[in-house]
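Take a look at this one chain, the form predicted alone, written out in structure tokens.
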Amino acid sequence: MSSLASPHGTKGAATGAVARAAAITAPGIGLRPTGGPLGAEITDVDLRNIDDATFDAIHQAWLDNLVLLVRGQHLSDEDLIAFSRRFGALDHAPIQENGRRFVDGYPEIYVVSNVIENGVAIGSLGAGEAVWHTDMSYLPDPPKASMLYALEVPPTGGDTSFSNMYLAHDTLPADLRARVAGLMLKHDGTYNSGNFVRQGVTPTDDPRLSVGTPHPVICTHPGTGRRMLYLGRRRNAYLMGLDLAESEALLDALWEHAQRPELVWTHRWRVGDLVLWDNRCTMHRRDPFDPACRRVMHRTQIKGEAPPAI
């Protein structure tokens, strides 16, 4: 399956979607849409050497397409950090399950890997499934964007899927939209997307008691002005002020809707791929893969500029 072909089709994705029928050009780059409900590939660019006009075209393509793929890159950690900083100030990497925090000398680099060296995991999240989530949404001011750069990939598995949360909002049934309009959703900070307990957190499975931050269920994107769902992770999520059973029922309905195939595009990784996604208007997940195979990715996150807002 090519990462430029949506395995799920595009039925129902036209409402509010950016037209992606054919390749287009922008100053200094080529832009090839995925054909799915989000995502485009940037071509003809070396991210180690771009001028301001080329970056402006990349930035606009990112806002328009939500997710960008750039193949065939040869980035050092310094290169990855330098390109990431063009989008804004960077977060330091969160503490991993093993207590390690970042690549030595590069506090902005978070390692996503299943590799064990000298009995110690070099990264986070292992080889299992990573459930649908929005990065670090449990923070008061979540990151606005994330980048993942592929250093080693397994022959199969480990694919990453993205869901268009603009379209999730635009296609939300009217009765469900009316029930959640104005509600605040507490984004759980107990577990990460691999269902590991975060460093220093006492675990609980009572959504009303878990640590986290409330954000509006329906938000407005500060860069595009478009309305979107903002959901985070399902586990321990809680709609503030509601009876727990009512909260659970509404959240189940929201998550079922946001995962519909017509909202999703899936990327199959190659070494040298860099994927950049807008953390405010997408969710993503990862397929499991053979734990005997190596997968090593380096991630950066661009700081949020304001909390999610109605």
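These figures come from a predicted structure and were not determined experimentally. For every residue, the number given is its place in the sequence shown, counted from 1.
Omitted here: the form predicted in complex with a small molecule. The next part is about that form.
**Q** With the cut-off set at 4.5 Å between non-hydrogen atoms, does R280 touch the small molecule in the predicted bound form?
**A** R280: no, not in contact with the small molecule in the predicted bound form.
**Q** Is there a heavy atom of H187 lying 4.5 Å or less from a heavy atom of the small molecule in the predicted bound form?
**A** Because no heavy atom of H187 falls inside 4.5 Å of the small molecule in the predicted bound form, the answer is no.
**Q** Is the gap between C219 and the small molecule in the predicted bound form 4.5 Å or less for some heavy atom pair?
**A** Output for C219 is no: heavy atoms all beyond 4.5 Å of the small molecule.
**Q** Would you classify R294 as touching the small molecule in the predicted bound form, given a 4.5 Å non-hydrogen atom cut-off?
**A** No, R294 sits far enough from the small molecule in the predicted bound form that none of its heavy atoms falls within 4.5 Å.
**Q** Tell me which stretch of 177-185, 202-210, 127-135, 69-77 has a heavy atom within 4.5 angstroms of the small molecule in the predicted bound form.
**A** Stretch 127-135 is the one.
**Q** Quick one: of A121, V153, I109, L148, which gets a non-hydrogen atom within 4.5 angstroms of the small molecule in the predicted bound form?
**A** The option sitting close enough to the partner is L148.
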